[in-house]
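The chain below stands alone and is given in structure tokens; this is the form predicted alone.
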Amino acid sequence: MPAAPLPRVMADGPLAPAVLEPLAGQVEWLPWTNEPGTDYADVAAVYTYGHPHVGGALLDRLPKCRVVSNYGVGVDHIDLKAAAARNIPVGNTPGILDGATADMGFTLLLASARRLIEGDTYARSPQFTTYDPGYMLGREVHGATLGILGMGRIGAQVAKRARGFDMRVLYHNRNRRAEVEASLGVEYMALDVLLAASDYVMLCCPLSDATRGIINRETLAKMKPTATLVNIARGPVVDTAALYEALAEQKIAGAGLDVTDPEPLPRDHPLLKLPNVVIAPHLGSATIETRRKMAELSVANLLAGLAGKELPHRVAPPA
């Protein structure tokens, strides 16, 4: 009797070995496509690795899809309403990348404050022939005020790290979190007040209709001219043109970006030429340990969905 065909899974890639190896011989991988006319009618699952868009039009071409499993916690690239309307559960990987992402936030904050990338470039250049104690002065982090926009799991981890630098921590969130205020000593502020009072503003909020473009010309104008903006959330939370203007005209002192809009930026984008911005290629959760755990959770969600079981980590359908 011939063996049953393997379930077909549509995925973007190339996929990491940590994803491929535990699923070897269990699924048939299909390359990602949004091209009309491609016959994927028997696809049993969708696996999103690098944030490809999953919307209703795509799901309608996959009538046998039983699950969408996302490698990562952010699901702004997946239309949750469209999936829910088709009774397709969506899985993600919460709670395991908070520490690594918060570490990256502080990496960018420190690098921006102390002008690390500029210093590295100068230290390697022919121009560095003598030490000048008055050259390339940065700004102190310890004792400064940090404003966190978004006090979820990642925001709380950022606040914990800030305590080690004796920082005053302000936060703004959709809902006030009294338990975090009590445990971490953070102070809730209206957004305008937070922006005006902070030496460093770190974005840790999810991308939603409410947060898209929340950092724009108007809100950037409320920040101190000596302040630094750090984005470890999603690129579209920030108006890129407005940020470039603020940095180029020194309306704020600097920025540290792990994400951009678009991502990646075009290679000739003017933001890439500014010395007062540090840009990383979306490294927030990019550690060996965290990426392995992300693979494990996303594979578990995928297999559960294929088997018709409850996902271990299902994203709540929108109300």
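Note that this is a predicted model, so its numbers are computed, not measured. Each residue number is its position in the shown sequence, starting from 1.
The protein also exists as the form predicted together with a small molecule; that form is not presented, and the subsequent description refers to it.
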Handout entry: in the model of the complex, segment of 266-274, 64-72, 246-254, 39-47 with a heavy atom within 4.5 Å of the small molecule
Key = 64-72
Exercise for the section: Indicate whether residue 51 is a 4.5 Å heavy atom neighbour of the small molecule in the model of the complex. Expected result: yes
Problem - Residue contact check: residue 291 to the small molecule in the model of the complex, 4.5 Å heavy atom - result: yes
Handout entry: the small molecule contact at residue 97 in the model of the complex, heavy atom, 4.5 Å
Key = yes
Exercise for the section: Evaluate residue 260 for contact with the small molecule in the model of the complex, applying a 4.5 angstroms cut-off between non-hydrogen atoms, and reply yes or no. Expected result: no
Handout entry: 4.5 Å heavy atom contact with the small molecule in the model of the complex for all of 234, 282 and 285
Key = yes
